[in-house]
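Below you'll find only one chain, the form predicted on its own, shown as C-alpha cells.
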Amino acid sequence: MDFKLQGVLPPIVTPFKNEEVDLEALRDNINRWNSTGLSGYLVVGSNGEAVYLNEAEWEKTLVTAKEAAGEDKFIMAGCGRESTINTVAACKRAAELGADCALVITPSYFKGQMTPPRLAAHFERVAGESPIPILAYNFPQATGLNMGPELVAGLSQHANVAGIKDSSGNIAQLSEIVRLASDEFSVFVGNAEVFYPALCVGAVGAILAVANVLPEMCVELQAAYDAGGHAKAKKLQWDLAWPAALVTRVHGVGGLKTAMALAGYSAGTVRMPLSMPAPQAVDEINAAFKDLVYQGAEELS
C-alpha cells in the first residue's frame, strides 16, 4: 500500500434527488470534505445506501468519488456481497475503478450457517483473490453476526487482510482484537459513541457516520489524542456522543442526511423503504447539532 490505513473517514452518504443518484451533489460534498483533514472516504458503504444501488449506480458513485477526492485521500469501497464469488468480483471491479482498498461486510442472509470457520474461509478467499487490500466489516446490529476476536486475529495473519471496521461498540472486544491481531493490522472503530475509548485501547482511526456532518470535530478528537491531549479528547467525545447516536442508532441514514443539510451539505433524501425523519425528530437533530457545526477545526480550541 502507498497510503497509511489510519485516521478518520466518513462512510459517505449517496445523495438522492427524487430517488435518483445525484453525482453533482456527491462531488460538491467531497470537494468540501477535502479540506477538513479527513484521511479518506468510505464509498458505497452502509450509510451510502449501497444495498439500494444497482451495479451501474455503484460504479458511477465510486468513480465520481475517486475523481473528486483530494490526492492525499484514499478510497475505501464497500464490496461486501452475499456470495464469496460476487464479493471477489466487486473487489476486482472496485480496483479497476481506482479504489485503494475494499471493505467487506459479513454475509448474513444465511446467518445461522455463518459459523466462524465459514466466515474465515469467505474472507480468506476474498483476500486471496482481491487485487487490493481488504478490511473486514463487523456490524452485528445490522447483520445479526459478530466477528469474535479469535476469528479476526486469525484473519489478521493473511497478508491481504489489512484491517477491520468494528461497529459493535464493544470496547472489551475491540481491545482484545487489538491485543491478538498482528502488528500490521489496522483496527478502525465504526461507532462514534466510543471513539475516544477505542483510541485508548489501540484503534488507529475511525469510520464514523457523524464525520459526514462534523469532520473537523472528529479529526480534532483524534489529533488531540495523538498529541496526548486527553482532557480535550474526552471533552470532544462527550460533545460528540449524543449527536452521533441520533444519526446512527436513533434516526439512521435519514437523520444523518438531515444533519448534513443543517451543516450545508447536499445530502438529498433517502431511498425507500427508508424515510426521512418526522418533524419532531428533525427538531431534535437540529437542537443537537446547531452548536456543533463548525467552519474549521480552529473553532474547537
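Throughout, we count residues from 1 along the sequence that is shown. Being a predicted model, the structure only gives us computed values, none of them experimental.
Below: the form predicted in complex with another copy of the chain, not depicted.
Of the candidate stretches 204-212, 110-118, 70-78, 156-164, only 110-118 has residues with heavy atoms within 4.5 Å of another copy of the chain in the predicted complex.
Against another copy of the chain in the predicted complex, the set Y41, F185 and A223 makes no contact: no member has a heavy atom within 4.5 Å. Mapping the unseen interface onto this chain, N146 falls outside it, with no heavy atom inside 4.5 Å of another copy of the chain in the predicted complex. Among heavy atoms of G37, none comes within 4.5 Å of another copy of the chain in the predicted complex. Taking the partner from elsewhere, E19 is found to have a heavy atom lying within 4.5 Å of another copy of the chain in the predicted complex. Put simply, A95 is far from another copy of the chain in the predicted complex: not one heavy atom of it is within 4.5 Å. Site annotation in the predicted complex: the residue of N29, T61, T258, T248 reaching within 4.5 Å of another copy of the chain with a heavy atom is T248. Along 166-196, a non-hydrogen atom within 4.5 Å of another copy of the chain in the predicted complex is carried by I171, A172, S175, E176, V178, R179, E193, V194, Y196, in order along the sequence.
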